[in-house]
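In structure tokens, the next block holds one chain alone, the form predicted on its own.
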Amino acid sequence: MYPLRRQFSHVGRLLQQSKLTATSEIEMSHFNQLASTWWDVNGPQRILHKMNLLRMDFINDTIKSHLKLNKGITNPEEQIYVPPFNVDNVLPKEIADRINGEQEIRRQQLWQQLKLDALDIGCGGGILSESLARLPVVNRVKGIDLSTEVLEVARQHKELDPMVREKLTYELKAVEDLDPKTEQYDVVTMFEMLEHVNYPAEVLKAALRHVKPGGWIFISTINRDLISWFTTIFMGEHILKIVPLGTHTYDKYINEKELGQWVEDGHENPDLDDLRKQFEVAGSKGCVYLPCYGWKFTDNAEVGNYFMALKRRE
């Protein structure tokens, strides 16, 4: 059994000894040392700044593509035509373009009406948190982390931008310490975080409790394969040195299939408290870092880095 398989199983009394989102002392020390350079776009965290563009694209595109264009509209004359097939492959171009154009107009109208509350788990220095707070459709953002030094950097940096100052808050807190009765969000993010915690399954279970019905969890992590080791550790840390040495631990990588299966297993769990049965994998997408270019989406989510979106039923 792989180490990550064990981490994705029940861990019993071991959970009482540390926070679910806690990393090892070595990794925590490593992240604290990076605090002062977190917002240096050309520094040790530059690869995260570049990846943040894909993070935001994945979140925006996923939510937009799942908007129900005719929700609440009972008058057939006011409804947008949404055929059960790809119009580009079936209809003449002029007709297909018109249908796609009408859908996009309605989609943008619905998008602009959104007022989302977001929780960024493992927010670090706030790269993603600030980007979320800048979206007009986001009402407020809370970022949580367990690194005192990194959170202080996040708090100081948000004060530089009046656009996010009032919308964004940070707390030194583990996700399991949030009250699910009062802390409910439309969007929960866990990017580049699961591969650093000791009990990823328990962290995910805790995060599910804070998603509103119809809400989302967005995750990114790394497949446990030879290509991932070669690109993230050997090349990224040791050869190209675009990632600080010690950032990654190969045994903590989680395969995309394992994460998807973990969600599916919850549908068969008779435990009424298991929220996994209320979630579906809405999509996943691979990504790869290309030197001199940056991050790029790929069609294969089972190799290297990947994003995954989980949607809670309404």
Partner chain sequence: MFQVIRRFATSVSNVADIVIIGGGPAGLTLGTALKNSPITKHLKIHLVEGGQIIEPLTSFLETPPPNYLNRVVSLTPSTIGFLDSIGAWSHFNQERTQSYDDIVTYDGVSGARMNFEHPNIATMVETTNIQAGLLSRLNELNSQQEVKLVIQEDTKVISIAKDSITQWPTLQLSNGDSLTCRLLLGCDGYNSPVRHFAGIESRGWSYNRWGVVATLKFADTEFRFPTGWQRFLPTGPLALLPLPNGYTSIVWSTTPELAEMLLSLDETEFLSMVNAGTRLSTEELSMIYDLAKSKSPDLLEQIQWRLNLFADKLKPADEEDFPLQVAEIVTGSRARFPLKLSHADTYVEDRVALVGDAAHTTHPLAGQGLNMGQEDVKSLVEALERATSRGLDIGNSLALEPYFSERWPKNHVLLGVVDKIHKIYSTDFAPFVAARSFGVDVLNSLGPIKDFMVGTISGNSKR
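Model, not experiment: these values are computed from the prediction. Residue numbers count along the first chain shown, from 1.
The form predicted in complex with the partner chain exists for this protein as well; it is not shown, and the discussion that follows is about that form.
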### Task
Counting only non-hydrogen atoms, choose the one of 248-256, 56-64, 261-269, 282-290 that falls within 4.5 Å of the partner chain in the predicted bound form.
56-64
### the partner chain in the predicted bound form reached by all of 41, 112 and 161, non-hydrogen atom within 4.5 Å
yes
### Query
What is the one choice in 153, 87, 135, 206 with a heavy atom within 4.5 Å of the partner chain in the predicted bound form?
135
### Query
Though the partner chain is not shown, can you say which of 131, 228, 198, 103 has a heavy atom within 4.5 Å of it in the predicted bound form?
131
### Message
Residue-level contact is defined here as any heavy atom of the residue lying within 4.5 Å of the partner chain in the predicted bound form; does residue 278 satisfy this criterion?
### Response
no
### Message
in the predicted bound form, is there a heavy atom of the partner chain that lies within 4.5 Å of any heavy atom of residue 68, even though the partner is absent here?
### Response
no
### Query
Taking 4.5 angstroms as the cut-off for heavy atoms, does residue 37 touch the partner chain in the predicted bound form?
no
